[in-house]
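To begin, one chain is listed below as structure tokens, in the form predicted alone.
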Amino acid sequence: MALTILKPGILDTVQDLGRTGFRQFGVNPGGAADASAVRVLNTLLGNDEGDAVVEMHFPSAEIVFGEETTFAVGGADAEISLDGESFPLWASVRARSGAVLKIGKRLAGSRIYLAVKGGIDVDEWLGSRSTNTFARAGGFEGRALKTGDRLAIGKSDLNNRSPLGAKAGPGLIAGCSPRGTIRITIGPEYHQLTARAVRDLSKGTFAATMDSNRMGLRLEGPRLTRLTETELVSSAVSPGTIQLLPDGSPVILLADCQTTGGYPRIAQVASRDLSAVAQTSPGEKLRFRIIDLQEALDLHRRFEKDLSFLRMGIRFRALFGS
């Protein structure tokens, strides 16, 4: 089976949950910007959570299914259709051979994902199928998808079936949407902020700028200042780290961020809110709310619990029907 790109979007790439174990060599994990959305979609299909998907930005692609295929679309909210008929997001759907999927107008969010039963089957690079466009490796020839590209679909496990019409619950979906407030924990250099900067970080409003990308969400708003201008030794960073740039503006690192950085790490986004950050579009505004580590862990555990319930429900429906 295969998917064929009829019309490429602005940046369509094959992504999974990223490659691990290579940071010491300067290779970032990469992977889907909204990893939670990918995990939910793959769970709906009975796939492994880390199976490869197509990540799309707006305007997005038009894709034709080469054979009958079970799939699910989620992430950003958008007008979507299959052979001209609308269908729900966050649900498993069957496409006939030759059916055309169109991702239309964006309603909310900035990235939308197509997951198929069996996953997208491309060669692995360093243990992952994610596209690293900087290294020109992984994914489909290490690049964004173009018209005429054919993506193979992996063979699904016959013992790991998924029921049609399975849907993700509102708790899981709500976490994969842009929101006005992002929950953060304080970072290693948080205490270098001036009293005014501390206040502005938690009380101010910030807007995503046009130069945001998969490396990071650049923000403009109150200028945050430090008590010292001492240069820092480069230290480890990860998706969700909030760095303070020399001009006083914060940047939230995303999937394609570097492995180390020398800018102050003033905060870290709670893992549950990384999806909301990844779905924030240029011009949209957000605020920060500082929480403690325990609350951040509780949010993470709640998501894992909800996803586990979905996984069990999918397996139950596949085995016994509904």
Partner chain sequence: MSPELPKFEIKPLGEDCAIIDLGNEIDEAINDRAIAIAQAIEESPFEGFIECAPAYSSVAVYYDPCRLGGFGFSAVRSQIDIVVRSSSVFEPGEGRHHTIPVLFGNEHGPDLEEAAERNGLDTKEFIDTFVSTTYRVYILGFLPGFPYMGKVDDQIATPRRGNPRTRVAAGSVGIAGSQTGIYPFDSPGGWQIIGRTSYKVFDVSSKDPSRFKPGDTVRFSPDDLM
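Numbering follows the first chain given and starts at 1. Bear in mind the structure is a predicted one, so any value in this text is a computation, not a measurement.
Keep in mind that the form predicted together with its partner chain is missing from the display, and what follows is about it.
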| property | result |
| --- | --- |
| Triple contact flag Asn132, Ala135 and Ala236 to its partner chain in the predicted bound form, non-hydrogen atom at 4.5 angstroms | yes |
| Position in contact with its partner chain when the complex is considered in the predicted bound form, options Pro188, Gly204, Gly169, Gly165, heavy atoms within 4.5 Å | Pro188 |
| Residue (of Ala296, Ala61, Ala255, Leu286) lying close to its partner chain in the predicted bound form, criterion heavy atoms within 4.5 Å | Ala296 |
| Residue contact check: Ile290 to its partner chain in the predicted bound form, 4.5 Å heavy atom | no |
| is_contact(Asp306, its partner chain) in the predicted bound form, heavy atom dist at most 4.5 Å | no |
| Contact flag, Ser110 vs its partner chain in the predicted bound form, heavy atom cut 4.5 Å | no |
| Close approach of Ser92 to its partner chain in the predicted bound form, 4.5 Å, heavy atom | no |
| Segment assignment from 83-91, 101-109, 196-204, 118-126: heavy atom within 4.5 Å of its partner chain in the predicted bound form | 118-126 |
| Its partner chain in the predicted bound form - contacting residues of 245-267, heavy atom within 4.5 Å | Gln258, Thr259, Thr260, Arg265 |
